[in-house]
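Shown below, as structure tokens, is a lone chain in the form predicted on its own; questions about how it binds or moves come after it.
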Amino acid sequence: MRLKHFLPLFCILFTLIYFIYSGIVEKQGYYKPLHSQVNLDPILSKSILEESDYKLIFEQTGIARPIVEELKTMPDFKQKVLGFQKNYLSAQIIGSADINFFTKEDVINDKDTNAIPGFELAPYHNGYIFLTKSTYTMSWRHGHAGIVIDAKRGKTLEALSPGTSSMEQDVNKWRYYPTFKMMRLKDVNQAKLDEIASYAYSNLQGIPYDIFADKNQGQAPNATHCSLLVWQAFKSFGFDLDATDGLLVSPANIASSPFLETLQIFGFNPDKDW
């Protein structure tokens, strides 16, 4: 049988495999907590929390110990934590939106398929890193990354898509993603994080997007993408956030960095970095 006779069958099989794979990849983006809601009131009423208390709070809310400590300084501490718990354990309706012809992003929808914010951001500060698994291109779930450059104004710096340059974005956009992770450097004071954010603000805006941009561009990169932008900001201060030390860096590489600690998750499996 000639090759041309196999071509239609090959196209059918390829299309079938592609759509099966696409469905698997798209469903891998969001993780729903498996445990049931518990009453946190007795724990939140304690004057001193134990390690087991912080662990339970994280399981129920997605907020880690440093965030709990910061919230404890606020008069509505209990109400805030219970609000995180409600959002974290609620089932989400997930839709999608086009970024460009090839790339899409998952978004949280209401029952009428309108995009809505699904959770509250924990307290964030300059130099904090935001990550999501909710963007994908041709079924490759690569995710997205950004760095907080001005917490007072609620601004991140991000490299978005081909044809654009790195720019400021509003932090509230991250509340529409069904997956979110907030991270920061371990054992580094806020003054250093402010310095890193200031460097990113002054030196890493307006750089053209290139998904294939690599790390070997020195201190003045002429092309970037979302995770490379974050990597460059911290590498300039001696922190190599690429957990794999490869030529290219991805959001997943940053999520696995031993230099970082997780502060908040939503829609992420707490037992995995990515």
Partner chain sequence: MKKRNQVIVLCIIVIGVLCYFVLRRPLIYDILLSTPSSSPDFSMNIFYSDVTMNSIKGFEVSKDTVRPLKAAFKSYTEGFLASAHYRRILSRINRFRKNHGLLPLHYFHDYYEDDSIIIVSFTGGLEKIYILDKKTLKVSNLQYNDTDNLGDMYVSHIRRVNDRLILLGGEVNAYNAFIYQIDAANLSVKKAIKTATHPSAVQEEHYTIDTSGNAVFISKGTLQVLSYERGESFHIPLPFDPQYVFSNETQTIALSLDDVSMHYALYDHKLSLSHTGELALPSQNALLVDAFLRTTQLFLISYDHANNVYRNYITCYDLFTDKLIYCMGLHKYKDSALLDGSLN
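Positions refer to the first chain, counted from 1. Note that the structure is predicted; figures quoted are calculated from it, not measured.
What comes next is about the form predicted in complex with the partner chain, which is not displayed.
You can rule out all but one of 181-189, 70-78, 136-144, 198-206: in the predicted complex, only 198-206 has residues with a heavy atom within 4.5 Å of the partner chain.
In the predicted complex, at least one heavy atom of A97 sits within 4.5 Å of the partner chain. At a distance threshold of 4.5 angstroms between non-hydrogen atoms, N114 is in contact with the partner chain in the predicted complex. Within 4.5 Å of some heavy atom of the partner chain in the predicted complex lies at least one heavy atom of I149.
Contact annotation: E105 falls within 4.5 Å of the partner chain in the predicted complex, judged by heavy atom distances. Within 4.5 angstroms of the partner chain in the predicted complex, the stretch 146-177 places a non-hydrogen atom from each of I149, D150, A151, K152, R153, K155, S165, M167, E168, D170, Y176, taken in sequence order.
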